[in-house]
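In structure tokens, the next block holds one chain alone, the form predicted on its own.
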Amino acid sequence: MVQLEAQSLEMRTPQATKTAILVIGGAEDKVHGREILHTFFARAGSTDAHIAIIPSASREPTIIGARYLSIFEEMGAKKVEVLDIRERQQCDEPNVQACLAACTGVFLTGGDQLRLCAVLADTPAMDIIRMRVQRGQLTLAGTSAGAAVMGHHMIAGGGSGESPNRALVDMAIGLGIIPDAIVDQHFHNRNRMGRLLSAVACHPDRLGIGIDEDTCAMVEKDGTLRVMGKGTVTIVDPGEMSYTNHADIGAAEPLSLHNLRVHILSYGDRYHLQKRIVLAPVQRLPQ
């Protein structure tokens, strides 16, 4: 029994040497259990972690950068740096590139995803991040706006609480870390199902992923997504969609979307992004 419990604990405990991408729906617990932030810390190397915080999305980058700096230093990271990048030209600076080439974890804070992309997209700094993530050399996390930028197609803004329609969502180009996904955050908390469906109707070759607050979709190198945190991750798969009127109606008219596949995933549930199938869940240990 003890051996089974130990195996179960090992299965759900992040390994320090195993990198991942953590897509966080915003408002993650920063005070109490901090499970999501602790998982990022562990995947970035635990007490050997060298963490770079990029608060470029925020209107108050100094304040938000200092807050995460304090959190990760308190956890015991070996080194934590705030890269206060406010202009694209800063991405050419040797100290910025040296930090990104050496660090074991990068954390993208919340704010405005358009501001974050304007600063980082198509820069040497972003090239370093993307290359090291692809090689499994770097754990990357993004919360709120930092999550929204993960796809190639990005939800830049829009409304909530309405029936799906083309005018409900504003799309832009993201950073392309998980290119086949369209990510929305603060999802059920802000009633954003309609705008994610609208985004998927606009790009039916992509997978819609809606992430609640204090919830994380952690993506492994093999394409497996696992859910942690207090809320749910909603997957909208249009792969077998049989009909949409997207091209035939006005921008404010309601959309038809037939034969969508929708999954609601909670703590421990897993999903394979490339195969588009639900996998056996990793159960929470008894408290």
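Bear in mind the structure is a predicted one, so any value in this text is a computation, not a measurement. Just count from 1 along the sequence shown to find any residue number.
Same protein, other form: the form predicted in complex with a further copy of the same chain, not shown, and the subject of what follows.
Next item on the list: Spell it out for me: taking a further copy of the same chain in the model of the complex, does every residue among 212, 245 and 259 have a heavy atom no farther than 4.5 Å from it?
Entry: Affirmative, all three are within 4.5 Å.
Notebook entry, point to check: Though a further copy of the same chain is not shown, can you say which of 123, 90, 97, 160 has a heavy atom within 4.5 Å of it in the model of the complex?
Noted result: Here the answer is residue option 160.
Check: So which of 133, 193, 82, 145 gets a non-hydrogen atom within 4.5 Å of a further copy of the same chain in the model of the complex?
Finding: Checking each option against a further copy of the same chain in the model of the complex, the one that comes within 4.5 Å is 193.
Check: Does any heavy atom of residue 188 come within 4.5 Å of a heavy atom of a further copy of the same chain in the model of the complex?
Finding: Residue 188: yes, in contact with a further copy of the same chain in the model of the complex.
Next item on the list: Indicate whether residue 164 is a 4.5 Å heavy atom neighbour of a further copy of the same chain in the model of the complex.
Entry: Yes, contact at 4.5 Å.
Note to self: Please tell me whether any heavy atom belonging to residue 263 falls inside 4.5 Å of a heavy atom of a further copy of the same chain, as the geometry stands in the model of the complex.
What the structure shows: Heavy-atom contact with a further copy of the same chain at 4.5 Å: present for residue 263.
Check: According to a 4.5 angstroms non-hydrogen atom cut-off, is residue 255 in contact with a further copy of the same chain in the model of the complex?
Finding: Output for residue 255 is yes: heavy atoms within 4.5 Å of a further copy of the same chain.
Next item on the list: Go through 58-66, 226-234, 45-53, 26-34 and give me the stretch that gets within 4.5 Å of a further copy of the same chain in the model of the complex, heavy atoms only.
Entry: Result for this chain: 226-234.
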